[in-house]
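So this first bit is one chain, no partners, the form predicted alone, shown in structure tokens.
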């Protein structure tokens, strides 16, 4: 018993309790939204309770990790500066701030042109996975939480469904037609997007030397495997129901459920967590916009302007908070954090050249 108590005290000491508080509050709000949105669980499907538990557990972990992430000095500084610049009066002239946000959302989140610049094939795989997952999430979560449900049509019960959102009837959907097919097969469409995307990314992971040199199974392959299993098992459910008269449907449904639960529980801890971190990158656009007419930070090696000076000054401040000193020994040369990426490559190449010269002299 003493060993168990010591173990519990150890893990309790590792937790960041303000983040536990934040995650508990937000998770409680999610549970309340499930109860209220499903009309006191009247529209909640008990068959989906396993998915709901997994969603709530994953939400708590996501809220906790994100809250901890925001307490880190670099993230805290970047987060606060991003919001400060977003509401800066100078950027609201002629609605400039909303236009900056719209362009940043389009480029960084929707189109993701930064991936295209690395490789069109990589962009295609990334976009297929992203679009398929977002479509699946948009369908799955409201259905699991009871926020959306279907009822038989009042006028033509054999030919229409009534779509209810948060208990309010919003549309009467005919059972025949292309649009209704898309509504009832949205997860099938999502699977046909995710599977090719996983194959493209997996091929790159196995064939490109640069990717294979740094990849890890738990970080790079496991999320792809989970996404593939969820998508493929979902397609098997559709094939069983649509073409095999429900053959093996129960077993496939159980397997699919466990695969989805595994993906949800992995979501806060692996590479897929960047889904929640990525929107924070929008702050970079405000750094650039707010400092566009000011002197930028210039690399002492190349002389090029490589970042807003406010951004590099914030970086210096954060490094000081973390007790990192990147200044050159005896003040000979520039500080490492004042050098552009290209300048750093040049300095590294020079150092290698000098080392090789001394070695062979």
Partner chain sequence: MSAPVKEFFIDFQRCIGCNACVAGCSECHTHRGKPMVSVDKVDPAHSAQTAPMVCMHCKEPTCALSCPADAIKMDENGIVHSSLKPRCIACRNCEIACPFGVPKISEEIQQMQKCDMCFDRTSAGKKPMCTTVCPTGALFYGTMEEMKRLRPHSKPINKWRFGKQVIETKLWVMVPHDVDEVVVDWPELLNGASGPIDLAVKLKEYFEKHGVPDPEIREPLPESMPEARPDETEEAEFL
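Definition used throughout: the rigid core is the maximal C-alpha set that superposes within 1.5 Å between two forms. Positions refer to the first chain, counted from 1. These figures come from a predicted structure and were not determined experimentally.
Note that the form predicted together with the partner chain isn't included here; everything after this is about it.
- Contact with the partner chain in the model of the complex, defined as any heavy atom within 4.5 Å, is confined among 241 to 249, 174 to 182, 133 to 141, 112 to 120 to 112 to 120.
- In the model of the complex, the partner chain sits beyond 4.5 Å of every heavy atom of residue 24.
- Put simply, residue 286 is far from the partner chain in the model of the complex: not one heavy atom of it is within 4.5 Å.
- Taking non-hydrogen atoms only, residue 81 never approaches the partner chain to within 4.5 angstroms in the model of the complex.
- Although the partner is absent here, residue 29 sits far enough away that none of its heavy atoms falls within 4.5 Å of the partner chain in the model of the complex.
- No residue in the set 20, 149 and 169 has a non-hydrogen atom no more than 4.5 Å from the partner chain in the model of the complex.
- A single residue from the set 48, 34, 58, 301 has any heavy atom within 4.5 angstroms of the partner chain in the model of the complex; that residue is 301.
- Contacts of stretch 255 to 279 with the partner chain in the model of the complex, defined by any heavy atom lying within 4.5 Å, are made by 271, 274, 277, 278, listed in sequence order.
- Relative to the superposed rigid core, residue 315 undergoes a CA displacement of at least 2 Å between this form and the one not shown.
- Shown in the overlay between this form and the one not shown, fitted on the rigid core, is a CA shift at residue 341 of 2 Å or greater.
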